[in-house]
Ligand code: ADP
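So this first bit is one chain, no partners, the form predicted alone, shown in structure tokens.
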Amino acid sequence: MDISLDSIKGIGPARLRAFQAAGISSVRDLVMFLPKDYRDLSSFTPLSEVHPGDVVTVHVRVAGEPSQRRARKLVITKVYVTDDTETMAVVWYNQPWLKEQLSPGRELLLCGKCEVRGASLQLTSPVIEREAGLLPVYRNIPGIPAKSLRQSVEAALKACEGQWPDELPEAVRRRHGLCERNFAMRNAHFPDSREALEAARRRIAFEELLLYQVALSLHRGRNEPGAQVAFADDEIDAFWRSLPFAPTGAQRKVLAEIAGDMRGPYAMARMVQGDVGSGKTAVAFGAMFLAWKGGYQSALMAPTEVLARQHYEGAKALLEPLGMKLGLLTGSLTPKQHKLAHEAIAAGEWDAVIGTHALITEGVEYRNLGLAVTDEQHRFGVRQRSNLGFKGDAPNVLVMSATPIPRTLSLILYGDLDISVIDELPPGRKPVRTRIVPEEKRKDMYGFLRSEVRKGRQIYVVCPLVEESEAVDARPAEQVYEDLRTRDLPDLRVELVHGRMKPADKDAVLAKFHAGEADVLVSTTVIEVGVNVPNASVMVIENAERFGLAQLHQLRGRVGRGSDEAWCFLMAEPNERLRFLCSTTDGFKIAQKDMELRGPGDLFGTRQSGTITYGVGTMAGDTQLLKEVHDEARALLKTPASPDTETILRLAESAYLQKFRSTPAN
């Protein structure tokens, strides 16, 4: 199956180059290029029920002689078709050869879009399909028409029919009712039935997710001896008593879980999930305190310098009064400051160090790192979040995320981690009141923003784009900034920040807003993870329909961090998704809904791409399958010497370990 693609009929030099540019260089690669969707050609729409804009499949017969004419550089082929409920025109552009296929009385299966031309409806450039059934729809490959791509895949399947080795152990297949591999590959592309398609998808997804989970555990080095931290039980209570606020029951429970891991003989690998404002940082500081009590250093890595400095100031306020010595290490320090920081870390003068990815650069050596914490872990790849853990002698690893992820999906994407959830907010924290604001209410909203600023509050305005784009119909940040500054809110202090700015300039604007020297901050999603401004009471999100629910929830978590009532205004026309967001502040319910509507890929950002390609995308809603995979992976790893486990370990290493190791570290 690793033979070259040019052995497949219809793949010449130009098409071969197009496939190679898409990362497809062998028959195996092409067969593994699985459909993103399927078009059901077994259900036909009567012509009498077709409406403008519909993409339909119709079963018709040619009702008369076709015509052909030229208009400018176009050759227009037109024919009338009927299905006894209605007669309709069909038009193709620059496909003159089709005229020979349109003899009167011939039956056609057409799939295309219905449009209005003049006073009549017509089908425009529909595809003529050969047979009814489920038709695969593939991701677009530049230079290869959709029909040609389908034909190439079909030819590749025939070339390797019956030759795909089924390496998944038979006992695993039997336990979970999985179909044979060759059946799965054929029916994943050209299914015999819906039942065959579901069996094929389940088999491929199960195998991919199982190997991914096992590879994650191998990469992490699960169950390896690690830094065993010893501390007295009363140290946990001493930490909570030292805080200026009472912890929630969820915070106490999660720190107790972390403490149990840190005391154990194996290196901790745990993720703490919780909504913005649930108190994850205080729990992390508690873990750092316990590491110090046990004689170990700790490190906390944040994705931005602003967030690192914010954590540093918070840690100093809470931990230095207890006797800990803290340091900061970021990329913007001077060479002399870097040298002094490296020396303090290596000598153990700093009990805890907080910083950016500078913490994992080659020159940083820790004296006795016992705890590695990464914040907002979805901003780091598998390799990067692991690299901090490699800095010490198997330190305990804790990752934090404010991006809600349905628990079943967490079991797969973070199979190398145990998961704790902080599922309650501190008492007194008011939920952010969320409203949809259509365009005609914009001026009224600006009046409300002025009144909030007069009360001493601050405002975020988030846009999906930096600058204007012909491809996307949305208000860019630069335009919104100019409109607010010169026309809509000229009496207020308005600033702009976006990801294309130099890091130093971006940090300067964020610091200015944090200090209260700006009333309104216009931004792209760079503020999704960043400054904690308790004084910010309003979040305005332009073109809210362009964001996923989970991201909208993450953004509105930037406000309401103080004691004042907070608002989030969604600038958009009302729809089901946005109404759902207005109805709940439960991040996990929102994440589940987002995954149902958009699929899981959009929940995790680009750093997860290239790892799971099919399984999560097709079966993420099947919670039973996800749990089956999770339990099977754990059971196999408990018997590393068994032949079945050895086979799975070999397949997992081949499929994923190299990808994890080659993931860019920044």
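Keep in mind that this is a model prediction, so the values were computed, not measured. Throughout, we count residues from 1 along the sequence that is shown.
Beyond what is shown, the protein has a form predicted in complex with the ligand; the following relates to that form.
Shown here without its partner, the chain carries 246, 279 and 429, all of which come within 4.5 Å of the ligand in the predicted bound form through at least one heavy atom. Stretch 246 to 254 is the contacting one of 333 to 341, 351 to 359, 230 to 238, 246 to 254, since its residues have non-hydrogen atoms within 4.5 Å of the ligand in the predicted bound form. This chain appears without its partner; in the predicted bound form, the one residue of 325, 561, 485, 293 with a heavy atom within 4.5 Å of the ligand is 561. Of the residues given (532, 479, 543, 182), 532 alone sits with a heavy atom within 4.5 Å of the ligand in the predicted bound form. The closest heavy atom approach of residue 305 to the ligand in the predicted bound form falls outside 4.5 Å. Looking at residue 261, you'd find every heavy atom of it more than 4.5 angstroms from the ligand in the predicted bound form. Interface membership of residue 594, defined by any non-hydrogen atom within 4.5 Å of the ligand in the predicted bound form, is ruled out. Contact check for residue 519: no non-hydrogen atom falls within 4.5 Å of the ligand in the predicted bound form.
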